[in-house]
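Alright, two takes on the same chain below, each alone as structure tokens: structure 1 and structure 2.
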Structure 1
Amino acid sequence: MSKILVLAEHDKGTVKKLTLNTLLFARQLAQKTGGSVDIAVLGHGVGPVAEALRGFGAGTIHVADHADLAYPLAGPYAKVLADLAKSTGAKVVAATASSLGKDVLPRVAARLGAGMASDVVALVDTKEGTAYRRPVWAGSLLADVVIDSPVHVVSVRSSAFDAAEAVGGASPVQAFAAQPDLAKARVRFVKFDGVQSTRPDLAEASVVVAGGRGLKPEKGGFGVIEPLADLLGGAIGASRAAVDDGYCPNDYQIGQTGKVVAPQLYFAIAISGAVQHLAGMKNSKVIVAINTREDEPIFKVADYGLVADAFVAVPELVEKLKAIKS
């Protein structure tokens, strides 16, 4: 029986939804391998996080509570997670393919001498055993990766898996004596300059309104889509072209080199639909495209398409939605 260890991501005492997506992946893998799932909670003052996860059916919730883990520096986090994997005999270490996961997991793999599969979107049965399916060439192809090392390290693309539901019960919580060795890591936390927004986190939002290069600043820019996002309680995203041209902040970027999202509703407004952008949003449940050119690639993946000027169509759509809501 193999043990799967899932790294929980959290913020201000709250479990991130991304963790629940990875937890569902771990459950599916456990069903295939006859294994069990444990959860690792790293940080400082993380008791509420562990408590919030007790109803999700984990065998054990391992808590590494240490002042040097208050901010997730990759080196110390990787050491503690690798130490925990060794002490529990975990055969798979999994985390979300987020900024944190992409920073920490390769270091964990190096410490464990483990093979790694990144951005996994599915599990596949092959004659060589269970394979991890992951996109390559900006999502144009899918590769099935079989890892032959004793321990596997896996980052999971959260958009490919639903969020795990609570199953009841109360998993036992076990403290782990963490030794981050912050001094040896030769790094220290100075400060965190985060983007403050009243809108939902882009990676977790159920509605995303994204704009592209067609939203020229001289015509109103991204200001035209903000009322739509506000009305729907959604997050705002952007194509790389819009970010590169300075139309919006880089934390809006969606795509191969940005954030990967899969909301219930995705608006692609004045976005052409280059393959790099599609790689970051094509798993959205419903895609609505608005563009002046009917031959743009975005219409090939859209569930609903409107050939129109965004600076005319979007305000009209906002007014119609307001009327319906009222």
Structure 2
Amino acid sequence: MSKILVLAEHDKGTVKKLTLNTLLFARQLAQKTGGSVDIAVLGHGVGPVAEALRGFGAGTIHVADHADLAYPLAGPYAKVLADLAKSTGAKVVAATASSLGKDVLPRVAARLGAGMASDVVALVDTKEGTAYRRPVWAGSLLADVVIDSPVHVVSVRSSAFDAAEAVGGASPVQAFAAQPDLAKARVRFVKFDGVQSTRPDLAEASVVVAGGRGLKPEKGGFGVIEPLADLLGGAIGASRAAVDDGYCPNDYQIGQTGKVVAPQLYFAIAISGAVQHLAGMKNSKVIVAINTREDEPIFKVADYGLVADAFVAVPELVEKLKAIKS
């Protein structure tokens, strides 16, 4: 029986939804390998997080509660997660390929002598056993990789897996005596400047309205797409060019080097559709593109394309959507 240990992510005492996608990945893997799934909760004052996860069918929820884990610094976090993996005999350690997962997991792999597969989107059966499928070259190709070390470390691309449903029951919660050794880590948390938003989280939203460099501030900028996002309860995203030019926060960037999303409905507004942008959104269910130039690559992936000036078409779209909604 091989055990899979999933790192839960949380924010202000609540489990991040993306953790549930990673849990589904773990369930699929457990089914293939005949293993079981445990959950690791690291942090300070994280009792409620563990409690909220009890209905998801985990064998055990391990809680490492320590003042030195109050802020997720890679060194101490990796040490505790690796110690936990060792003490529970976990064969696979998995986490969401979020900025936290990407920061911490390779260090866990180094501590465990494990090979790591990043951004896994599927499990595939091969002659050499279960392989992890992962996009490479900005998603132009898919590589199926096998890991030869006894322990595997995997970061999971959440947009490729649905959220795991609760299954009932009450997993036992067990305290783990964490030794983060923060004092030895030579790193100090200084501050966090969060982006304030009342909209849903980009990676979790079912509608994403993304703007590009065509949304020039002097013409109204991202202000033109906000009413559309508000109307549809969507999140706002952006191309790298829009972020680089300061139209919106960094955290909005979608693509190879930003967030990867796959909502039910994606609007690409004044975005040309460079491969690096497509890497972050081309698996959306329905894609709508609005662009003044008809020959842009974005129209090759769009389900519905409209050649129009965004500053004219988007306000009209908002009015007409309101009309059919009322």
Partner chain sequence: MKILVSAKRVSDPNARLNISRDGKWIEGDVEYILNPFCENAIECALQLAEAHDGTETVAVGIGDDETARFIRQGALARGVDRGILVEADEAVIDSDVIARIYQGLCERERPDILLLGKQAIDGDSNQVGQLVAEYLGWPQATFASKVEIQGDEVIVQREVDGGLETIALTMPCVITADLRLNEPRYASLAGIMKAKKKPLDELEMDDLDLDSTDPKVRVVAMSTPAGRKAGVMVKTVDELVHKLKTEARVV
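Everything numeric in this text was worked out from a predicted model, so none of it was measured. Each residue is numbered by where it sits in the sequence of structure 1, with counting from 1. Definition used throughout: the rigid core is the maximal C-alpha set that superposes within 1.5 Å between two forms.
Colleague: Pick one: is 1 or 2 the form predicted together with the partner chain?
Modeller: The form predicted together with the partner chain is the one given as structure 2; the other form is structure 1.
Colleague: Does the C-alpha of K86 move 2 Å or more between structures 1 and 2 once the rigid core is lined up?
Modeller: Shift of 2 Å or more: no.
Colleague: Does F189 show a Cα shift reaching 2 Å between structures 1 and 2 after rigid-core superposition?
Modeller: Where the cores coincide, F189 still shows a C-alpha shift between structures 1 and 2 that is 2 Å or more.
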